[in-house]
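Only one chain comes next, encoded as C-alpha cells, the form predicted on its own.
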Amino acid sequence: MTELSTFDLGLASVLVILGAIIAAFLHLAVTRTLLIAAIRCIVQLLLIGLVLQTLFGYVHLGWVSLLAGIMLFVAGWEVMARQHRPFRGGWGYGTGTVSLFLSSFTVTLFALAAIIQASPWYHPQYAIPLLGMLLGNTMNGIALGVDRLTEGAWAQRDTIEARLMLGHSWNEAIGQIRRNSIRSGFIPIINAMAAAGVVSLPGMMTGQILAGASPVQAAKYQILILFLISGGTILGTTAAVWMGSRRLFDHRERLRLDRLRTP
C-alpha cells in the first residue's frame, strides 16, 4: 500500500480550496462552512487515527465502550443539528440518540458476535470501524426521516387537526406523513445498494482494493456492510419517526407544534 505524505494530502486539499473559491464567487454562502468542515475532517480523522492506533495495542472493553459512547453522543447531536424544525428540549437530542443506540449498536453487536466472530468480540479493529459506518449512515436516514416528519406536520397541520376533529386518533391523523417520512429515511441506503458495483464502488471496497485485498473478497465485505447499514437505517429511522410522531401529540391527542423549534 502506498504511503501518503503530508504533501500528498496538501495536493488533495487544493480541490476543497477550489470549491470554496467557486462558492465565494457565486455567493453561495457556504464558503466558510466548507472550509470549517474540511478543517474538522483533518483534525477529527487524524485524532481518531491516533486513538485507534493506541486502542489496537491495548484492547480493553472499557476504552472501546468509552469511544463508542462518544461516537453515539456526537451522532445524536448531528441528527438534531440537521433538523429545520427540531423538537424543543431534550427530545430534539434524545430522539436521535436513542434511535441510533437501538439500531446501530444492536446491528453492530449482531455482526461482531454472529458474523465476524472476532476474538475478543469487542476488538477495536472490528468494533469501532463497523460502529462508525453504521452510525454515520443510520444518522443520515434518521435525520432525513425526522426532518420530513416535522416539516410535513407543520405544513399539513390544518389537515391533521381536521382529521382529529372528525374522530380520528393521533395515529391515524399523522399516519400518511409518518409513512412518507420513514420512506424518505430509507432512500439513501436503497440508492447505495442499487448503485453499488454499477454506478459506484463504495468506500470500503475501494479502500480494501487500494490496500491490496482481493477484489472478490472486498466485494463480499462491502455486501456485508451495506446489508448491516440497511438494517440499522431501517430500525433507526422507523424508531425515530415513531417516537417523533408520538411527541407531536399530547395525552389528549391534540397536535402540539409548540414542541418544535421554529427556524
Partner chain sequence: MPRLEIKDIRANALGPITLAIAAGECVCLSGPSGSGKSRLLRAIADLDVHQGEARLDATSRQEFPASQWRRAVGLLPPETHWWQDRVGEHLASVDRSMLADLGLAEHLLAEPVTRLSSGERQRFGLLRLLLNRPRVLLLDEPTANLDPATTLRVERILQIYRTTYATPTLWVSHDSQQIRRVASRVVHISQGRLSDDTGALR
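Numbering follows the first chain given and starts at 1. All values derive from a computational prediction rather than experimental measurement.
FYI, the form predicted in complex with its partner chain isn't displayed, but the following is about it.
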#### Entry: Selected contact from 164, 112, 72, 143, since only one has a non-hydrogen atom within 4.5 angstroms of its partner chain in the predicted bound form
164
### Task
Have a look at 82, 168, 123, 183 for me and say which one sits with a heavy atom within 4.5 Å of its partner chain in the predicted bound form.
168
### Summary
Note: its partner chain not shown here; in the predicted bound form, the stretch from 132 to 140, 155 to 163, 102 to 110, 86 to 94 having heavy atoms within 4.5 Å of it is 155 to 163
### Query
So, in the predicted bound form, is residue 256 in contact with its partner chain at a 4.5 angstroms heavy atom limit?
yes
#### Entry: Any non-hydrogen atom of residue 191 within 4.5 angstroms of its partner chain in the predicted bound form
no
### Message
Where, within 173 to 211, is there a heavy atom within 4.5 Å of its partner chain in the predicted bound form? Residue list please.
### Response
176
